[in-house]
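Listed next as structure tokens is one chain, alone, in the form predicted on its own.
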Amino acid sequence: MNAAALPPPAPTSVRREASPSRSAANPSETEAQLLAEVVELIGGDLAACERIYADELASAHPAVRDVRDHVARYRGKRLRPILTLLAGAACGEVNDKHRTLAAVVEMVHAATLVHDDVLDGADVRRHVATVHSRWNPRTAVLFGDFLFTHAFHLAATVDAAACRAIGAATNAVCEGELTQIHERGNADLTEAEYFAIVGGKTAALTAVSAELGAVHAGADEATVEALRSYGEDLGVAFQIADDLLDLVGEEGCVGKSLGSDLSEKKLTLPLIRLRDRLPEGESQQLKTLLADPPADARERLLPLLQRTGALESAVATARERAAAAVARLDELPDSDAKRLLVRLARFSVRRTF
């Protein structure tokens, strides 16, 4: 099984009145099609976010500009700024605060990517060299810091509450990463401990991205909490899908170094499920393999993951969290922005990139 074989979610009857052919959950929908519709709705706001991002990171130093321009090549699909802008549109109207905060959450995310690549020893991200492999770890660490400091500098232009919310999320990201480092090599990691790590290192930033969109559109407390919970559930689903890609994805398609979880001795959900489904003797053999993973560990684990159903079990959990994210949106009135939030959640668990 590879990532492309992840079963698509069941279709829904929600449609745009203006375009009946656009299903809210099209099983054959591609990433490009979904992003095209996002751009159609909030493209001007995304462009403004990009300008704010570029202006904030302007530098007179060529060495800094070099790294900045390189990192721009693997910043990804801008999920977090898209969440801020779509949440704002779903709760009211997008304004300048949304555009600025969308740039802020993207800077924080970019900083975590640069630092993560150092921690994981990854050489490739989105088909280009990582900062530490092209330059050196010192450059990567300092440039990640540069992104963090600029993010908070920019957030301060909005209001103190936004700074506190982003600060709390960034604290959770760092705590999640620190905990994950501490638990490396722990073959007895529990599911509860795994989800606590994921809730910090990934879901905290997607949660605050959606929350900020609601807050700065003037949404009531219940709606703000619904959007925050939507972002949290989406972030967990997204991370489980990422863990699956690390085990069964194809590097040429995914565009980043794979197998890093194994090499770094991180126990992810599919491996936890595998461990708990194996008989005692085989479970102990698995722990021995994970303690010192050989070069062909991915290939050796795949038949076990398939035979025990651990792979499909993890896929099912990712889909459940995506469905939970969609259910959070019941708080919102129907709109194009809401429909796109629904589709983003569902698409997050059938990525092939």
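Treat the numbers as computed from the prediction; the structure is a model and nothing was measured. Residue positions are given as counts along the sequence shown, with the first one as 1.
In what follows, reference is made to the form predicted in complex with a small molecule, a form of this protein that is not presented.
- The small molecule is not shown here, but in the model of the complex it comes within 4.5 Å of a heavy atom of D116.
- For S263, no non-hydrogen atom is located within 4.5 Å of the small molecule in the model of the complex, even though that partner is not displayed.
- When contacts are judged by a 4.5 Å heavy atom cut-off, S133 does not count as touching the small molecule in the model of the complex.
- Proximity of D242 to the small molecule in the model of the complex: non-hydrogen atoms within 4.5 Å are present.
- For the small molecule in the model of the complex, the listed stretch (83-91, 106-114, 163-171, 188-196) containing residues with heavy atoms inside 4.5 Å is 106-114.
- Of the listed positions (R73, K77, R184, H153), a single one reaches within 4.5 angstroms of the small molecule by any non-hydrogen atom in the model of the complex, namely K77.
- A single residue from the set H216, R228, R125, R99 has any heavy atom within 4.5 angstroms of the small molecule in the model of the complex; that residue is R125.
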